[in-house]
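Single chain ahead, by itself, as structure tokens, in the form predicted on its own.
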Amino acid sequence: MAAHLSSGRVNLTALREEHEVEKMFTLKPGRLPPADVKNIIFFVRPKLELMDIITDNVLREDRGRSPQRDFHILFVPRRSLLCEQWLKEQGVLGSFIHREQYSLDLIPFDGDLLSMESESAFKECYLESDQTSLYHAAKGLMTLQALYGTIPQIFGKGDCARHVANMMIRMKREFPGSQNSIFPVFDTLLLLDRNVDLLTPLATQLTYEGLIDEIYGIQNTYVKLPPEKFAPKKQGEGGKDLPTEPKKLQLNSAEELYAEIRDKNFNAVGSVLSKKAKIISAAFEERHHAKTVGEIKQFVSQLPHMQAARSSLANHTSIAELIKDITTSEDFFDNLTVEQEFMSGIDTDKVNNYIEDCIAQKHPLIKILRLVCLQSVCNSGLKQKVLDHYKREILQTYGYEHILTLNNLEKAGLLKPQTGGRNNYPTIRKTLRLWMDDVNEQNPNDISYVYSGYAPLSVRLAQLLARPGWRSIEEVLKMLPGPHFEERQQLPTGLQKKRQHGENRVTLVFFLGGVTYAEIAALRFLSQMEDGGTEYIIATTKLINGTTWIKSLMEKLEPAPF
């Protein structure tokens, strides 16, 4: 049997042997790789472009071979009639003996992080009015409640949050047997729409993990990095035989050093790495002081852990050097300066010279769109003539095929004309303290360290919900899109929580439409605050950054061939 799976922190070798899986391959067009197996199983998202690849795989299969292979298809997380109809039209549907679905709603990415990895959730919800991903979010939350007990309080902000809460209530009503007698782990569920806070993903993340994602892109906890910095340095060999394959590293909190530095502001990472280097160096020096057999034995037993720590330090020192090359560049500094001016409310209402220069120099279109959208969000929309000027410049420089992308951004509320001539952002900024001038990057005392001054609006809402409660910010909540609400779920008798003194509340924050690593870092910071009183677990439809988010809203229209 051959299968295609994505690997995580599971012992895949043991799992494969247990289920007699011979090989696993990534889905690619062309002939299937050679494998002496009878059954081939496709694990796929229900997307038409993937059906084309599968069709190609099946049609290229050698029908004359013996024994003939049997094909099976598992749609994740749901079967799709559209995809099956497409396979039927291509003449390959009959080749599949089993056509099933595999309900994989929430995937654990770390001890405190779950994601549906639904790339198009934001676009589906806000542009296409397709609520399928919201149904799967509700289903995922029902599964969590079946495992960890009913969540007594549900708070939410936004239209999608309201839909998910309604679906959860309906599912509970329709399946009364789903009420279990498990002591609840979570005290509160907070559902947040991404469009309540459109600003945060557009800004450049400044945590270590956030910058790795911004620059190199983290895919399912893995990152591919330029290989030069990771080549073993041998004396006298110079630069010959440098590796050409990207260096692939897994990033999660199972790695001690990464767990320590991932959520720090990048400016605080260097000192941690140099401190670690001294500790590891001192540990290796201990071998010279080991005199007795017992001391030598103890040193040898610690050796694997020390070598792993040294390898981890070497990797993260190399990554930090790669990031520093970019963050110390003039272009990065200029871009960040403009972002921070917008977020602190400076010159948001007129055409920005830096953006104009970037368009004239034909900088990457996504960079331009992120900045223009950021300006629009920080000004509650742009004056019509400013908006028209930007649109004209973008279309004339990058091509008229991008008119559909601009239309999508407007529909999503990212790039729009100011209506009613009122800019609410300054009021929101002041009330929620979204901009802090005196930010401490080394030893932070506020979540604003993740953007070196800007506190993510979404996380500030979570912080204020915990203490003193949303009643204190009613007026601002009304200025943000969508309704805010509270629901209570009745717990069976005897399951009400009696809190011990000093015991933290546990809140599950679910971001509908995507979350950034900087927001995750800010929530972890709140969890670790001594007087915080709340521990946060994070769930989302997709882990995003400004680039992947804008990309998901872009239309791929080919320019005219003349």
Partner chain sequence: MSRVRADEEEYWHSSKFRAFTFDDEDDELSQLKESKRAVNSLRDIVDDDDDDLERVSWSGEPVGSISWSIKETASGSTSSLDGRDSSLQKGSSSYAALPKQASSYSLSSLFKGRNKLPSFQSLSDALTDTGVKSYAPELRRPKAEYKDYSSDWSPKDTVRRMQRGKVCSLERFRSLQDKLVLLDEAVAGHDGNVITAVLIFLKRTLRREILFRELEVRQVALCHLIHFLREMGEQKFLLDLLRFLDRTEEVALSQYREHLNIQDVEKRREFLKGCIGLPFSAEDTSHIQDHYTLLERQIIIEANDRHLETAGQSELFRKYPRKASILNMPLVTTLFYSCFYHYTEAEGMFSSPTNLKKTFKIPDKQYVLTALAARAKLRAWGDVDALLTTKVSCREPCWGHSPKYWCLLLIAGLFWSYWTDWFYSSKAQHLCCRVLQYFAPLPAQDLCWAGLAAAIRSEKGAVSEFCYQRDCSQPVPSPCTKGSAVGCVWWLWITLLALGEKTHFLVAGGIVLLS
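Residue numbers count along the first chain shown, from 1. Values in this document were obtained by computation on a predicted structure and should not be read as measured data.
Form predicted together with the partner chain: not shown, discussed below.
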Check your understanding: G399: heavy atom within 4.5 Å of the partner chain in the predicted complex?
Key -> yes
Check your understanding: Hey, in the predicted complex, is S95 touching the partner chain, heavy atoms inside 4.5 Å?
Key -> yes
Review point. Would N445 count as touching the partner chain in the predicted complex under a 4.5 Å heavy atom rule?
Key: no
Practice item. Check whether G91 has any heavy atom within 4.5 Å of a heavy atom of the partner chain in the predicted complex, and answer yes or no. Key: yes
**Study point:** Segment assignment from 260 to 268, 430 to 438, 78 to 86, 368 to 376: heavy atom within 4.5 Å of the partner chain in the predicted complex
**Key:** 78 to 86
Practice item. Quick one: from R422, R467, K362, K275, grab the residue that has a heavy atom within 4.5 Å of the partner chain in the predicted complex. Key: K362
Revision key, fill the gap. Picking from A146, I107, L404, M306, the single residue whose non-hydrogen atoms come within 4.5 angstroms of the partner chain in the predicted complex is L404
**Study point:** Complete contact of E209, Y222 and Q528 with the partner chain in the predicted complex (any heavy atom, 4.5 Å)
**Key:** no
Check your understanding: What are the residues of 314 to 346, in order along the chain, with a heavy atom within 4.5 Å of the partner chain in the predicted complex?
Key -> T328, E330, F333
